[in-house]
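Let us start with two forms of the same protein chain, each given on its own as structure tokens and named structure 1 and structure 2.
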Structure 1
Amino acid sequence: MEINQSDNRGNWSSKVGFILAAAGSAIGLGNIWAYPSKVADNGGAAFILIYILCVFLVGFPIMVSELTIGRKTGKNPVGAFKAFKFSPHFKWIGFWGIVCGFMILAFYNVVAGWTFSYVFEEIFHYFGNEPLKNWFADLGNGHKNAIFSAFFMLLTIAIITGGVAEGIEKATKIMMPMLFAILIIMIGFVFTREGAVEGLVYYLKPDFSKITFDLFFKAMGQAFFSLSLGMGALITYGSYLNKKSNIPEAAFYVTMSDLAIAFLAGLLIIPAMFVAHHNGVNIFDQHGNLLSSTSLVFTALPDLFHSMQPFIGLVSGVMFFLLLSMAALTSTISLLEVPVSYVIDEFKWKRKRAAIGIGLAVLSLSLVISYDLSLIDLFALLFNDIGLPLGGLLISIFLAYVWKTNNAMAEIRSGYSEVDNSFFGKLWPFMVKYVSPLLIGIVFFQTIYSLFS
């Protein structure tokens, strides 16, 4: 099946550029904010092992599927499914992904704004200006939320208007190395503080008694959210790949980058929590359970930075929240690029017009959420917890049973001629036909069942 591709959509300028951009899409607040808390609450290294298993049993095969569909068609998620011409109804798989990405971006943008506002919380704490410090630290302050949501979205729009190579790729080539560097520096610093070793043991010591079906569902959900699966982001990024690109190799590097950042984030956050505990900061609730991710990141860790020698605390706090901000920005870029690519392909809008128009539409919803934070939980449930697994399930079923794995392998072969004799070539078709959809289906229906039980 030959599919015409547009020559004017843009392409990645290098293999490294694509890997960093796709890794940036995958690496976000899910790795640095949510992952460490889930590890700490669910058996330490036992959760890590289950998470890695979920990433390679489900995440990696679906990532390859999305990239392959994207490169084959050279289209956005809706255009990709239309391009196969099997049935006009398949376009709704792509459209569902775009809707999920749009709605996730709307609330994610508010949370991203929180991370950047805390840079100023740390600065004004250092200078002893309590009113301004408290203003920036107030997560429920609708005016503040709206201002920082607008800032974050305008920055995201500015990068997207630059295009694929000059905008997305150039930005992530700068931010991703900085993100790794800040993580390593902060890990080194935290391990000089008392209490860090206790946190390291808590992180790496497995508690196998906590391995349950519920833990498996949590690990699967974390893998989906972390790897940006099911929303068409990787179909879009795959559409900018050239035919010489080795898709399995690229997907492997992206997956390993995501795992590395998640592991390093745990190596930073959990020991830092115990350093905070050693310094008298409460990190447990009244029942002895670890505080929620939001409380840890925006309450316990700032208290830790405030307990340090003032200048060291300032530098540590600013670096940490800049780290979170950069991680968030690499994800907001990919989330906005999905609907922007859709409007460019399907309605022939110029990139600048599409980025500004879609970006402002997202921002309008973010402003509503800024004043009603209860919408975050609702949107996260509908479009993240339910929407992404559903999207991933539909994508895997389409590739395996409609387009067929042998046709997908032919597309992969154009950039990896030895794929048929490789371990990947022998295993991936089986995984994407049987294992991945079965596991995703179990998680999806368990999530639905839990809502009514």
Structure 2
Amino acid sequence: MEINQSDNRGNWSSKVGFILAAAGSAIGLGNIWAYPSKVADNGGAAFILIYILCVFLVGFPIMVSELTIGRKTGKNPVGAFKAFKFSPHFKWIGFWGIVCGFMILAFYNVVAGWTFSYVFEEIFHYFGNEPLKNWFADLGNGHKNAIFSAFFMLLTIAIITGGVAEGIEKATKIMMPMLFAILIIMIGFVFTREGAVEGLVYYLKPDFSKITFDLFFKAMGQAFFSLSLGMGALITYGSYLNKKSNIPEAAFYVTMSDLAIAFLAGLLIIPAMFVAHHNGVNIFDQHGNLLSSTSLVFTALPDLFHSMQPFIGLVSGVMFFLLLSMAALTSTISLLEVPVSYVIDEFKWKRKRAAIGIGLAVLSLSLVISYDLSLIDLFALLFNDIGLPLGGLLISIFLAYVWKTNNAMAEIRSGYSEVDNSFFGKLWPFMVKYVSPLLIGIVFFQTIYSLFS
């Protein structure tokens, strides 16, 4: 089947540029806000173990699937499933992805706003201005959340309007290595503090009794979220790839860097919690379980920065929250790019009109969430934990049983001629046909079953 990529949709300017942009999409709040909280909530290393399984058995194969579908068709997620011309109904897979992306972006924006407001929290802490410091630190302040999420959305719209190569690539190139560096430096610092080693043990010592279906469900949702899978973000990014690029290699780099940043974030934040505990901050509930979730990053880390020599603490704190905001920005860009590319391709909207129109629609939802934070958990459950694995399941079934893995392999071969003899080439078809869909299916239906029984 011949599918021609449509012209003037833009392309990545280089291989490194693409990998950085895709890694920029993957690396974000998922790694630094969501992952450590989930580890803390779910028994430490037991979660890490299952998470790594999900990343390699499900995440990586589906990442390759999405990129391959994207490059084959050169289209947005809806257009891509239509372009195969098997049945018009397959477009609903892409459509579901767009819905999930839209809803995820709505709450992601609010959390991204928190990270940016903590830049100011650090500054006013340094200058000893308690009232202002507390204002910026207050996660429950609706007006403040609304202002910051609006700011974040406008920034995202501005970059998306700039187009593919200029906007997305440039933004990512500098920020990823810096984020990596600051994590390493902070880890070095946290281990000079009393209590950190206790945190390390909690992080790395698995308690196998914690491994349940529910843990699998959470780890699976987290893997999809963190790798930007299941909603067509990587179909869209793959559509800007040229035929010579090596998809498995790119996917491997993206997966490994995402995993590395998450692992490092855990290595910083869990010990930082125990250091805070050592300094008298309460981190356990009345049952002796770790308190955590939403506020974890925003309690443990400022506490750590404030315990440093004041000026060094200021510089580290500002740098950290600034970089985290930027990491979030490269993810919001990819979330908004999905519906934007959809209306550009399918309805012939201009990029600017698409970015502004959809961006403002998402923002209106973010404003509602700003005042009712309980919606974050609800949206995360529906569109992330359930929505993304469901999307991934449909994508892998489509690729394996409708398009067929040997056709997908032919597409991969155009940028990786030795694929048939590689370890990847032998394993991947088996993974997308059986392992990934089966694993998602079991976890998924078991969870739905237990929700309703």
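Residue positions are counted from 1 along structure 1's sequence. Heads up, when I say rigid core I mean the largest set of C-alphas that superpose within 1.5 Å between the two forms. Just so we're clear, the structure is a prediction, and the values are computed from it rather than from any experiment.
Visitor: The form predicted together with ligand PHE: is that structure 1, or is it structure 2?
Guide: It is structure 2; that copy is the form predicted together with ligand PHE.
Visitor: Would you say Phe274 moves between structures 1 and 2, meaning its CA shifts by 2 Å or more once the core is fitted?
Guide: Yes, the C-alpha moves 2 Å or more.
Visitor: Would you say Lys218 moves between structures 1 and 2, meaning its CA shifts by 2 Å or more once the core is fitted?
Guide: Lys218 C-alpha, core-superposed: shift of 2 Å or more.
Visitor: Does Ile397 move appreciably between structures 1 and 2, meaning a CA displacement of 2 Å or more on the superposed rigid core?
Guide: No, because once the rigid core is superposed, the C-alpha of Ile397 moves less than 2 Å between structures 1 and 2.
Visitor: Keeping the rigid core fixed, work out how far the Cα of Ala40 travels between structures 1 and 2, to one decimal in Å.
Guide: That residue's C-alpha is offset by 4.5 Å.
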